[in-house]
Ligand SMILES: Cc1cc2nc3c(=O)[nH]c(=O)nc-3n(C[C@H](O)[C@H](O)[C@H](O)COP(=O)(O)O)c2cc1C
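Quick heads-up: it's one chain on its own, the form predicted alone, in structure tokens.
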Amino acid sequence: MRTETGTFRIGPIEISSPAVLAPLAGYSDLVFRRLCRRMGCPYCTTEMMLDRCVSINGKQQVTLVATDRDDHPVAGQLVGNQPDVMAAGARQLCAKGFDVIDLNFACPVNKALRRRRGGYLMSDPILVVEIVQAVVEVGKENDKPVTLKVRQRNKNTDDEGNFFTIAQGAYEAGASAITVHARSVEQKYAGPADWDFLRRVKEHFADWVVIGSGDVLTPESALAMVRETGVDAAAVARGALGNPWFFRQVRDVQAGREPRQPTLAEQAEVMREHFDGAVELYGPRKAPSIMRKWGIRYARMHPHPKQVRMAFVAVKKTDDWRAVLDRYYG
């Protein structure tokens, strides 16, 4: 429940701002989460992790589950479709030190849907509730809150019955919060999000923490979602990509200030820090290819975005990255 000061709680965890970092596949790794926290983000969720793989010590899984003492509170997000396997994955995340276990029933990508995971399960509310019940039991054993992420419906032509069956079942099972993406699975990210649906969800679950998702692209829109729908917080996704300053800007707007844009020097500093963190997490050979997509995102804030974007597209090694910063950021 959100307080008069704008804070809210997920289980015992108090969160100091109504803008939180959403789980972003391929983006919300430890390195980016640390940057967002430094800019005022109070709560982050990891990339989506397959339930049966979180205990595997392969290189990819090690980077997905990576966290550190400065990365808290943090939710580890699981995706899967079997209650016992999801519960086992949750137990692993508890052992790895995650503060919250989040369950993904919203992912709209074709790979997840073909394998009957993520948003596919919006068509099977009974199974979703069984999964939530199983994971909540693990959460109780380990004193960890459990949350879930869902969408308004599966197909555009569906009614909202499955959503409310899932939400009511999760609420009764003891889930601490629900994140609601106000589009159908079929829509993916196209078209406007239905904020009126968020308002109706919060009215229905007035004493439950509801986090809204969809069309949170600016600091002003994050606060507008909270104000207009009554949700406890807004999950920031695409709006934060290449702009970890988003969370600082939210606090500016809250305080009645114009959101301060980072200077080119500040952008360069953060981008160097981001690159160094990627080298630390992924290694010097893999980091340049991973950071290429980030450079393209950061370029949107530059006075000459197209020119800088094309320069980052050509990055292949560490020296290339540094050369782009030297040339365009001074």
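Don't overthink the numbering: it's just position in the shown sequence, from 1. Note that the structure is predicted; figures quoted are calculated from it, not measured.
As for the form predicted together with the named molecule, it is not shown, yet the points below apply to it.
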| message | Can you work out which of Ala177, Val226, Val128, Val216 has a heavy atom no more than 4.5 Å from the named molecule in the model of the complex? | response | Val216
| message | If the cut-off is 4.5 angstroms on heavy atoms, which of these, Met48, Met291, Cys41, Leu30, is the one near the named molecule in the model of the complex? | response | Met48
| remark: For the named molecule in the model of the complex, the stretch among 233-241, 114-122, 89-97, 68-76 with residues bearing a heavy atom within 4.5 Å is 233-241
| Using heavy atoms and a 4.5 Å limit, would one call Ala25 a contact residue for the named molecule in the model of the complex? | yes
| said: How about Arg183 - does it come within 4.5 Å of the named molecule in the model of the complex, if we only consider non-hydrogen atoms? | reply: yes
| Is there a heavy atom of Thr147 lying 4.5 Å or less from a heavy atom of the named molecule in the model of the complex? | no
| task | Tell me, yes or no, whether Gln152 is in contact with the named molecule in the model of the complex, where a contact means a heavy atom of each within 4.5 Å. | result | no
| message | Using a 4.5 Å cut-off on any heavy atom, which residues of 80-104 would contact the named molecule in the model of the complex? | response | Asn104
